[in-house]
Every structure is written in structure tokens, then in C-alpha cells.
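Next up: a single chain in C-alpha cells, the form predicted on its own.
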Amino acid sequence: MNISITKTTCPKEKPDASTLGFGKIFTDHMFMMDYSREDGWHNARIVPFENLSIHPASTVLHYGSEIFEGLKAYRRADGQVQMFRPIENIRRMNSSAERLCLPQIPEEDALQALTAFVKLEQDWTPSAPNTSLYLRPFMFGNDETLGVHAVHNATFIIIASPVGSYYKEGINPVKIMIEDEDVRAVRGGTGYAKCGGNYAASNRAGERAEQKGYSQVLWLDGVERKYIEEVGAMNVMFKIGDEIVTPMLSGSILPGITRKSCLEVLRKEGYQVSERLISIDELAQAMKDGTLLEAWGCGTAAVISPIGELCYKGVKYTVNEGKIGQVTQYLYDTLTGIQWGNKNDEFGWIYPIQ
């Protein structure tokens, strides 16, 4: 794949790392590529970051034909920039594309696009502790018609943002409200796909939780309103007694790359790990009798987010005295150590930018 590069004539000043939030500042350039049924993927280019111009009837505006990914580039102590498991994001994006009838991108082309883009923008990768360059590949349908059908024309874009911690609490434990009214997704729907509609549908419950002082909601399944699924925009794990439990992938849960990494680390270390159904009744009982020893969310944005409090039907339960648990801390240290190059990558997850 040939990628043309047009560099900006007005480069922006790099931000002070101490002022970084999440996804508020963007780099100088973006990658773009077009798709049509006649020509396939074509016109791959890196251009100056700018606003988009799309037709008012574009499919994405009316029918939500959009998918996205999130991954990061990290700067090591020696200055080398590297990505974490990018091929997993590419494969998940293609899975999302298949579900929403968007065109898939050959893995080698998507990896080439990410690599070329990060290489050009690598000076934007901050070096301060707990910072990184967040990468947002996304794709949307832009057929200029109001008919409902599979997408015939699409655009693929990658943008980047230097970021700090996702939560204002950082690695400190967050408070989570268990949602028992709204649902995020159902089996057979788009729950396993990373598409905008899933997140838009979660905003109402998230807003209610925030008004009550909670960082996120913990979702129950959409059929029986009984089984734990995800926490906010992350997968979730619990240490109940000697068992580490995470909800099984049933089609309504996003197959998280950080989730997958956690499971591989835990199993390598010999922990008893289960991917299974876990009901809210089981979790509530574990909270009541004290066998819920740790709980944490895991995802690209926050990596590992310890849960210090869970609220269900107005009753509040403190997890591990509101402190970071031993397993939670171990996972955070291991994953971030590999990502920033401070620990040996025994798994082959790192993709260096040459």
C-alpha cells in the first residue's frame, strides 16, 4: 500500500505533560483512506489534522454505521516508541466491521497505516510517567443516500491524542453503581462490536451514576437483568475467595484486549481464573459475606482501574477497605511495565516503531 504524506505547515506546540487529560489535545496530522465497492480501499494518505466535510445524507449520520478502536503508543526510557498488541485491535475492528456491514481492511494494510502514522507523529508521544499517545482508528459509512442498506462507500481515519490518566482518580479506587434499569446490549446485537451506538446508549445511566457521585456503572445482561457484563467502557474482573472471575464472552460483551492480556498474565502466574456467568446475586452475596476481595475494570484507556465501592439498589459495599488489592496492583504494574518498556515482554506483545 502506498501512503502519501502531506506535512502541516503550521505545527502546533506540544503540550505540558502535567496538563494532559484524556482526548482533548490532538496531534498535527491524521491518516485517511477511502473505500468504494468499485475500487476497494484507495487513496491512503497522511494529511494535516482538520475538520471533515461530509454530505448531510451520509449513512453514518442517519443509521450509525460507525466503528472505532482505541490503542496506545508508549515512549520507553531509552526514547523508543512502541505500540501494544496493535494486531489485536485490527482484528477486533474487522470483527466490528463485519457486524455493521462495513468493509474490512487487510491486516497488513491497517498495520502499515498505524505504523506510518505513529512514526510521523512520534514526537507527540509524551515521556512523563503514566502518559502515552492514544490512537483512535475509526471507520464510517458515507453513502450519500437515505436508503437503508449495507455500506457501499466508507472512510477510514486514524487520529491521535497525547493523554494522561483516563480517570481523575488515576490508579486510585473508583466508585461504581450497579445499573438495574437500562441495559447496554443483548446477545445477537452489537455488544461485541466497538461501535458508537453502544456507547451512546450507555450515556443515560452513566449520567445518573455521575450525579450520585459514581465514576461508572456496572451493567447487567439485557435479557434476564441478572448476569454481570461490563463496567462502563471496560471489562470487569472480581477476586472472590481464591477464584478470579470475569464474565464470559457471550456476544454482548466487548472482547477487550486488556481483558485478554490480564487473563494471559494471571494464568501464567498460576491463578485460578474463570470465564463464566456471574450473577448479581452471587456478587451481592460475596459483597455481604466479605468473600469479594478485589474488583477492577480493565481497558485500553485506564489499563487497570481498581474498584473501591459498589452500590446496588442503594446499598453501598466497600471493596478491600477502598484500597488497591494485591492482584489488581500486580496486573497494573505488569501491563504498564511491559507497555512502557520497564519490564521484559515475555508474551511478544510489543510492536516497536522503527
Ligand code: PLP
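Residues carry their position along the shown sequence, with the first being 1. These numbers come from a predicted model, not from an experiment.
Beyond what is shown, the protein has a form predicted in complex with the named molecule; the following relates to that form.
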Inset, instruction - Pick the stretch from 249-257, 272-280, 124-132, 174-182 whose residues have a heavy atom within 4.5 Å of the named molecule in the predicted bound form. - result: 249-257
Inset, instruction - Tell me, yes or no, whether residue 292 is in contact with the named molecule in the predicted bound form, where a contact means a heavy atom of each within 4.5 Å. - result: no
Inset, instruction - May I ask you to state whether residue 299 is within 4.5 Å of the named molecule in the predicted bound form, using heavy atom distances? - result: yes
Legend entry - Exercise: residue 92 in contact with the named molecule in the predicted bound form, heavy atom 4.5 Å: yes
Legend entry - 4.5 Å heavy atom contact, residue 232 and the named molecule in the predicted bound form: yes
Inset, instruction - Have a look at 194, 75, 239, 85 for me and say which one sits with a heavy atom within 4.5 Å of the named molecule in the predicted bound form. - result: 194
